[in-house]
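As structure tokens, one chain now follows by itself in the form predicted on its own.
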Amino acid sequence: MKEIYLDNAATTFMPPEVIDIMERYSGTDYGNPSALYEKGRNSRKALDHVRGIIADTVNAREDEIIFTSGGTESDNWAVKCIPYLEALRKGMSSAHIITSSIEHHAVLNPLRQLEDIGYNVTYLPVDRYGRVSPKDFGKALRHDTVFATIMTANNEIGTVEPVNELAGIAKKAGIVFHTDAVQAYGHIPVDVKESGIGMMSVSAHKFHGPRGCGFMYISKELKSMWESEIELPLIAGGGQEYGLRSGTENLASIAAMGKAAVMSCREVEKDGDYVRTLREYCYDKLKKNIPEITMNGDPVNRLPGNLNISIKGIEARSLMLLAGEQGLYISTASACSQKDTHSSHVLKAIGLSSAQAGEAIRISVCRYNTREEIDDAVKILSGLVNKLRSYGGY
């Protein structure tokens, strides 16, 4: 059975060039970067080289890039540590945080934990396209606001947020601004200096790198501010990663991530144009073959490869499972919440009813997908939709 993978927002495959790098640093070049002998020094050089590569892709300094296990760890680090540090630095007994109602659960769940111990959190609404209003963001600022976290692009509906404008407002108010860029990095241009963000989370497996690896950008300005007054380690130990995250570095995955980053970012705009054209081709074909479908999310300000649609008269999870039996892989929401029986919080936030949210599927294409795959996918989906609608008396 031929497989058609159109769930690249969930995870991506690693091309041979990336696998070769991972095998090299798992096999022959496996030295501990902290060791002082030659094999260790060579690993340290490789680690520093990758750090420089990653820094260049986002216009950062090398010492502003901290390697982590991925987006969830990085998000938790930012959300759980920074409000505490800022409140402590500013001598506040309570602290206020601003976020959006459509963040990933790696942000929302830690925030709820903070609420349980006394922090105040404002969850900004979004418009029907999933966009946060800079005006609403500015109005939400309070005298005790210490931290804001707004994702660069949404993982379910693909909407790209006005992060540069939001970060500018936060910086002017003296607020630390963090963004979850897990879905954005490697797919749209990201420039931390131009945007003015203070912190950013990225995960390698979203741009054809390995799972369990990612990085956090922390501006030198913020690091210097905290280090001058209080300790900042996420994980205490041997002092790796500038003393912020101790533990022997996962060099094989980090090196593979560096290769994936180069391949994804070197022609990000050209690749984005191709992927966007493929997504639009897919949507046009679906509209021609399946009546009564609607796109969810911003039709313009969205990730190139993301297509989230509601198909009237079908149950999305059934469609997803039946498609999988024919070798077509799509999703209904974030892969992290596939087992959740509740409706998507993102789709509810943009005004969809429970019924409409239950009819939504997500198709996410990448630069390796083809028009032929889209043609086959549309054929499979249109046939299954007709079958499911006939069962429901559509």
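Heads up: residue numbers just count along the shown sequence, starting at 1. Every value quoted in this text rests on a predicted model; they were computed, and no experiment measured them.
The form predicted in complex with a small molecule is left out here; the points below concern that form.
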Item to complete: Could you tell me which one of 257, 157, 182, 197 places a heavy atom within 4.5 Å of the small molecule in the model of the complex?
Response: 182
Worksheet item: Given that the partner is absent here, does residue 306 sit within 4.5 Å of the small molecule in the model of the complex, heavy atoms only?
Response: no
Practice prompt. Considering only heavy atoms, tell me if residue 296 and the small molecule come within 4.5 Å of each other in the model of the complex.
Written response: no
Worksheet item: So in the model of the complex, does any heavy atom of residue 106 sit within 4.5 Å of the small molecule?
Response: yes
Worksheet entry | Any non-hydrogen atom of residue 151 within 4.5 angstroms of the small molecule in the model of the complex | yes
Worksheet item: Residues in which of 79 to 87, 161 to 169, 205 to 213, 219 to 227 have heavy atoms within 4.5 Å of the small molecule in the model of the complex?
Response: 205 to 213
